[in-house]
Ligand SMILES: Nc1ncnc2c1ncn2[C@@H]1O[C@H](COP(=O)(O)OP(=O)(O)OP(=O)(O)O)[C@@H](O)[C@H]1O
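The data below hold one chain only, encoded as structure tokens and taken in the form predicted on its own.
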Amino acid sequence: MRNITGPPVEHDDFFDRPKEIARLQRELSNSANLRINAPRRVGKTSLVLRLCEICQQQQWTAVYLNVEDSADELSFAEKLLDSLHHGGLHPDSISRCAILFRKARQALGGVKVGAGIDLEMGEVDDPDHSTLGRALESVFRKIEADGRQVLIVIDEMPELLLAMTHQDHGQQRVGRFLHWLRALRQSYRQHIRWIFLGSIGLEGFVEERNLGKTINDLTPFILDALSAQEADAFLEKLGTDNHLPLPPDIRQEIIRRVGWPLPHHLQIVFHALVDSGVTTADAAALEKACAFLLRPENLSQFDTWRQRLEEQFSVPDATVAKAMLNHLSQHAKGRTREQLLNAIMAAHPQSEASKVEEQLGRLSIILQRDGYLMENGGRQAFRSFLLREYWQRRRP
């Protein structure tokens, strides 16, 4: 297992999570389509990539696509079609659709997609290919008829949906697109399974826009950080495989300092140890590594946690969410809801208390779901000690 701190890990670099894999396989065998609910950096993508490997070994066709850089329904369709093609699924139908999509893209030129999933494909001799949605449905109809078990994993779907909301008629298009996707899953459900995941929660996105019905057929799958026992085994293997063995007391101290053992956070602490040039991992080396990790020039590796707030929330909600996190970063043991409300009202005395209180309740749930906060004994606090230390250093 290599010390990888950036991209998802695959093959021998993946630290096995047999219980989670078994749960996913059980859900798929029960004909479930899934949405993985988990905070960022918990290892969602790495887990589903391992699942895809296992499915392929069991004679499934498993395709994975990341739609983070897709801007609209047509770019989503093109990426989906390309992934199905690489999976070897009905190449003739896919090739025909791909030609239609290219023609549609050329006809649009630099114009943004305005008709959404109902985008017309131009003059075609088959009514099943008259629109973008129908063209894709014709491919799925043939894949379903083949009888092969197919798993489609779509990563970063909320990123695509957020991009669409910022375009012309974005809210209406997102609604039509999600309803169309749900109908697709319902129509072709005998042999095709879907998994959706992303660094922004799909559940939170649809709830904010009253679109919950569009994903009510997706079974939620909860994925959390490693247990203390798993984190210890993770660190032991990481040290052994990278020629810097970690004694039991150092492994426990790393887990204590991290506070919430995400695989990524364990990796970056180990990376800081290696970067320090030590040949033996002891308490002094760990202290130096943690200090190095939180130096100003290294804080950027946590910046996505801050940037996501502005991408995910409206300006008023992002302002309150950052105010909550700024305040909580100064209190390691957390704060009560009343203390949080008082702190935000003191900073924004012109605000209406009842509206701020409503915001706090709503945002607290989202921030807990996305891995920023946890609630214990009526107090909210940062879930990750590392993230709290980062926020202290980054706050105004």
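In this text, residue numbers run from 1 along the sequence as written. Here the structure is a predicted model, which is why all the values come from computation and not from measurement.
Heads up, the form predicted in complex with the named molecule isn't pictured, but that's what we're talking about next.
Novice: With the cut-off set at 4.5 Å between non-hydrogen atoms, does Gly43 touch the named molecule in the predicted complex?
Specialist: Result yes; Gly43 sits at the interface with the named molecule in the predicted complex.
Novice: Give a yes or no for Pro261: in the predicted complex, does one of its heavy atoms lie within 4.5 Å of a heavy atom belonging to the named molecule?
Specialist: Flag for Pro261 set to no.
Novice: Given that the partner is absent here, does Glu156 sit within 4.5 Å of the named molecule in the predicted complex, heavy atoms only?
Specialist: Looking in the predicted complex, residue contacts with the named molecule include Glu156, since a heavy atom lies within 4.5 Å.
Novice: Can you check whether Gln267 is within 4.5 Å of the named molecule in the predicted complex, heavy atom basis?
Specialist: Although the named molecule is absent here, Gln267 would touch it in the predicted complex, with heavy atoms inside 4.5 Å.
Novice: Are Pro8, Asp13 and Phe234 jointly within 4.5 Å of the named molecule in the predicted complex, each by at least one heavy atom?
Specialist: Yes, because Pro8, Asp13 and Phe234 each have a heavy atom that approaches the named molecule to within 4.5 Å in the predicted complex.
Novice: For the chain seen here without its partner, which of 45-53, 346-354, 323-331, 360-368 has a heavy atom within 4.5 Å of the named molecule in the predicted complex?
Specialist: Only one stretch qualifies here: 45-53.
Novice: Report the residue, out of Arg379, Arg23, Arg383, Arg17, that has at least one non-hydrogen atom within 4.5 angstroms of the named molecule in the predicted complex.
Specialist: Of the listed residues, the single hit is Arg17.
Novice: Suppose contact means any heavy atom within 4.5 Å; which members of 19-34 contact the named molecule in the predicted complex?
Specialist: Nothing in this stretch is in contact.
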